[in-house]
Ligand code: OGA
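Form predicted alone, single chain, as structure tokens, below.
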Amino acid sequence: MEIESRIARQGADGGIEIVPTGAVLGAEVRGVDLKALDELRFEGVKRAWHRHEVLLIRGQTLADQDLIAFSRRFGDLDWAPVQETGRRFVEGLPEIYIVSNVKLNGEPIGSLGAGEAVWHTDMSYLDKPPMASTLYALEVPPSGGNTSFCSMYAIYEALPTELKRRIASLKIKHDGTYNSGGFLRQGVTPTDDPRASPGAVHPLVCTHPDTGRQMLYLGRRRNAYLVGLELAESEALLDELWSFVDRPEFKWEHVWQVGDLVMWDNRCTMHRRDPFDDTARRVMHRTQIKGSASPA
């Protein structure tokens, strides 16, 4: 309480200010320079992140090393994942994953192109998925490419009691065959049989290790499988759960500006991206903070 009251006083004096989006999740942090964030303001940012699940911090001018330094204050960083063909990280900085449709001499400089990225949780196909991701906007198209987030707390809380009972002890396999843009991951044999596809198994209902709140942990729809069920039963139950995901009351949409940094809790949110004109340029740099274990 003492730190929160000091943060509130600083906000009144032109320091940190937390402005909720008005949606079920998300807040904007104002009055901070992430290159010069003292411990008190950082603690305020971290508390706001736990409370709001997704944070937006506008007007930043971050070099890659600044982005890495800020991200490391939350924990150790993952290296950029191996995705489809194209460069996956900044030269010499494997912590920085490039999300871009831009091509140089005919070769992609990053991953995920200009198409839609479907609802997903980052790298949940790993036994220890990242706990958080940051995405920093270097170039944005004039329209399109918006990113939407949904609260897996709110979705779980909205499930009917009987449905909660049915899923309480189930485990779900998160597919590692395709990324959120629908591209086959490098070195993976394509399959659309969720029982045979590679991936990690996690609890379907998890308790957040920092907040203690229960949440649904879906990952992504394609090739998902509820372990131990017949395939048809698994598909039907997953379809029922996914019918909640795109409802407007559970999500917030962000329209990007250059200099925006968005940080989301990868355990209790999912996100998606709108497509955009492939002749326009979109360049984002992303970091991911390591998770200590499977969400439980």
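From 1 onward, residues are counted along the sequence shown. Remember, predicted model here, so these are calculated numbers, not experimental data.
This protein has a second form, the form predicted together with the named molecule, left out of what is shown; the following refers to that one.
Undergrad: Tell me, out of F70, W49, W256, F250, which residue has a non-hydrogen atom within 4.5 angstroms of the named molecule in the predicted bound form.
TA: Of the candidates F70, W49, W256, F250, W256 is the one lying within 4.5 Å of the named molecule in the predicted bound form.
Undergrad: Could you tell me which one of M131, I155, L204, L112 places a heavy atom within 4.5 Å of the named molecule in the predicted bound form?
TA: If I apply the 4.5 Å criterion carefully, the residue I get is L112.
Undergrad: Counting only non-hydrogen atoms and a 4.5 Å threshold, tell me whether H174, R185 and N223 all contact the named molecule in the predicted bound form.
TA: Result no, not one residue of the spot touches the named molecule.
Undergrad: Should R41 be counted as a contact of the named molecule in the predicted bound form, where contact means heavy atoms within 4.5 Å?
TA: So R41 does not count as contacting the named molecule.
Undergrad: Check whether H271 has any heavy atom within 4.5 Å of a heavy atom of the named molecule in the predicted bound form, and answer yes or no.
TA: Looking in the predicted bound form, residue contacts with the named molecule include H271, since a heavy atom lies within 4.5 Å.
Undergrad: Using heavy atoms and a 4.5 Å limit, would one call L135 a contact residue for the named molecule in the predicted bound form?
TA: Because a heavy atom of L135 falls inside 4.5 Å of the named molecule in the predicted bound form, the answer is yes.
Undergrad: Consider T147 of the chain shown here, and say whether it contacts the named molecule in the predicted bound form, taking contact as heavy atoms within 4.5 Å.
TA: Contact with the named molecule, yes.
Undergrad: Only one of 189-197, 115-123, 70-78, 163-171 has heavy atoms within 4.5 Å of the named molecule in the predicted bound form; I'd like to know which.
TA: Stretch 115-123 is the one.
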